[in-house]
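Quick heads-up: it's one chain on its own, the form predicted on its own, in structure tokens.
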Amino acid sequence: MSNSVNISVETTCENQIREIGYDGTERYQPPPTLSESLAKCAARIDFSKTSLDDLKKEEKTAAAATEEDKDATQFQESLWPWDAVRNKLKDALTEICVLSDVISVAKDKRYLVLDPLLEEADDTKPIVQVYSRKKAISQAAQVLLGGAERLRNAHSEQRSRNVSDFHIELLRLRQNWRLKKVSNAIIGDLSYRTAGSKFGMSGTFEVTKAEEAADDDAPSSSNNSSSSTSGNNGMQLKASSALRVIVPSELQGVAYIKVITQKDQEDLCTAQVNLMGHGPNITAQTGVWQKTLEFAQNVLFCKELFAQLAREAIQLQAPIPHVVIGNQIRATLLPNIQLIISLCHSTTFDSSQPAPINDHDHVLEHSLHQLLREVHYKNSHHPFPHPASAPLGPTKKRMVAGPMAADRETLLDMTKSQTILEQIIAQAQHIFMRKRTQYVLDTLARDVKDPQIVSHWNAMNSPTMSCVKINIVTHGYDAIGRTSLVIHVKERSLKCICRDGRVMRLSYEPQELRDLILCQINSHQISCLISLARCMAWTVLSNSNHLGIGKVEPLGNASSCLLASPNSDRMIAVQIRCDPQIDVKVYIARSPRQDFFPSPLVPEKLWENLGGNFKEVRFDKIEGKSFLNKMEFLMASLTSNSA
């Protein structure tokens, strides 16, 4: 063939078919990536066909061939394209095997031991080292001897001057008060900020070292304040101290809060609140500065408490507005009864001041301390959110109010909270109501001899509610009957629970309680008389606690009882009134009538058994110590006469 034709043979561009669907759709296999092609080619390498010797032989033959064919091409490609890769991997494997052998030999130390190279030591003479050490020890000895001499001189001077050590005094001061060093000064803090207080007044004081001139001369200004404060407590403290405490002028002196419950210019209850006298007495173990700091912290405490009360008094919306004038707060407890809270602060001690009042209410004083502590605690301790993503602030009860399906009234109760002033007013009202109840019960027990009124006050009470149980008994007739009632003394009212389950609520007026007790005495006498009559075989014809005849009683209702003798020939009528004391009237009637005469209208004689007119008995002339004792003698005498 004269004419040749070039024919190109190429692979198809289509990839291999992976899947043919039912509808005839063909799914091709994607072409391999470069990394997949490289991995496929590397998998074809067979490293077991040739060894290291074969490689060396091939290298030698190749070198000989190059020497013989110098005129040929200097570079000849390998017949296999992955030959260079195989050679590199073989070299790397060889180096790794050598490294492994070296490590095993160095580790086992059976074949080879590796020793470090020793540097050539300098030639030093021993005498030079001895002289240098001797010189260093002599210098350290001189420093120690100099310090000991200074300490000995300072100690001897302190003994001669009888002055305590500054550092020991400072150590004692740090054990009881918060101190910190600011540049070259020592500053202390008297405030309650670490406990949660937000009071703005500064409570810092400065601690300095007392100078020698101040110790030798007359007492300085700080010692004057310390001696004056110690004179307030009647203690003789040592005048010399190595410390000098400088307290701000607004915290100097003596302060206390005076709480008075007043009615028509008459003091009913008084309490003085301060920090003095609380906790262990550590003044004797410390120094003059201890009293100074205690009085300064007391002034800060009283000012913070009064500022809190004054702020609440202005913010509260009371029916009768509270009055804040200067250092005095006036609040109305009950009609004509006021609560007066005063801040007393004096920088000098006056011996002509009146002595403290003996009628001191320790409960009210403790309440003020505790309530202010609760405010500090709430400021520094906030309830944790539940769950953790919830807002910070609401209490745990408010957070579970939704899942627990709380109603509106419960939610409103959760938002209500009482301030310090409101709680103090409530406690003062309760104290006044309790004293008034005690006075009424004691007065009735003193005035009413028959029956006896016994009051049992519960020892476990709350600050705003007390409980008293009243037993009305007659001496010698306790087994016949007794009347019991319980009175709950609250803030502005009384709750009386009788033996039969009746509940009566009284106001703060004492006359209502007095009237209730008198009515209970009235009913007690009638019930005990009925029980006594049944024991003596007398018949109870009728009895009534609300007699509807006679004049109108000013207090309660009159009670009556009608009794008949065993033979029915004697009758006794008893009437008891509260007017305003217990008034007892006894009437007797005899049957048959002695003044009965037949008449045309009443001809039969049997009508004479109806009994005659009732005659009043001079009850006060009958022998007996009590009402029941006299009635027992009267019924006994009438029974014997009829027999």
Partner chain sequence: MGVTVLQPYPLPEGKSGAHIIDQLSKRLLSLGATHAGQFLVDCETYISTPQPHNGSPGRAVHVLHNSEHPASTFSIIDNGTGKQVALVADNSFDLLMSKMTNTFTSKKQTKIESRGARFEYGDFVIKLGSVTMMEHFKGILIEIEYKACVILAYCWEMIREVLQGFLGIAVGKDFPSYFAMQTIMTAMGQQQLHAKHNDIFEPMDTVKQYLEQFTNYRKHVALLGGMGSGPGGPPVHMSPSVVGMGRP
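Positions refer to the first chain, counted from 1. Note that the structure is a prediction, hence the values are computed from the model and not measured.
What comes next is about the form predicted in complex with the partner chain, which is not displayed.
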item	value
Among the candidates 146, 326, 335, 403, the residue which, in the predicted bound form, approaches the partner chain to within 4.5 Å (heavy atoms)	403
The unique member of 456, 107, 408, 155 whose heavy atoms fall within 4.5 Å of the partner chain in the predicted bound form	408
Non-hydrogen atom contact residue 373 with the partner chain in the predicted bound form at 4.5 angstroms	no
Distance check, residue 90 to the partner chain in the predicted bound form, heavy atom within 4.5 Å	no
Contact test in the predicted bound form: residue 345 vs the partner chain, heavy atoms, 4.5 Å	no
Contact of residue 209 with the partner chain in the predicted bound form (heavy atom, 4.5 Å)	no
Interface segment, criterion being heavy atoms within 4.5 Å of the partner chain in the predicted bound form, picked from 301 to 309, 538 to 546, 165 to 173, 395 to 403	395 to 403
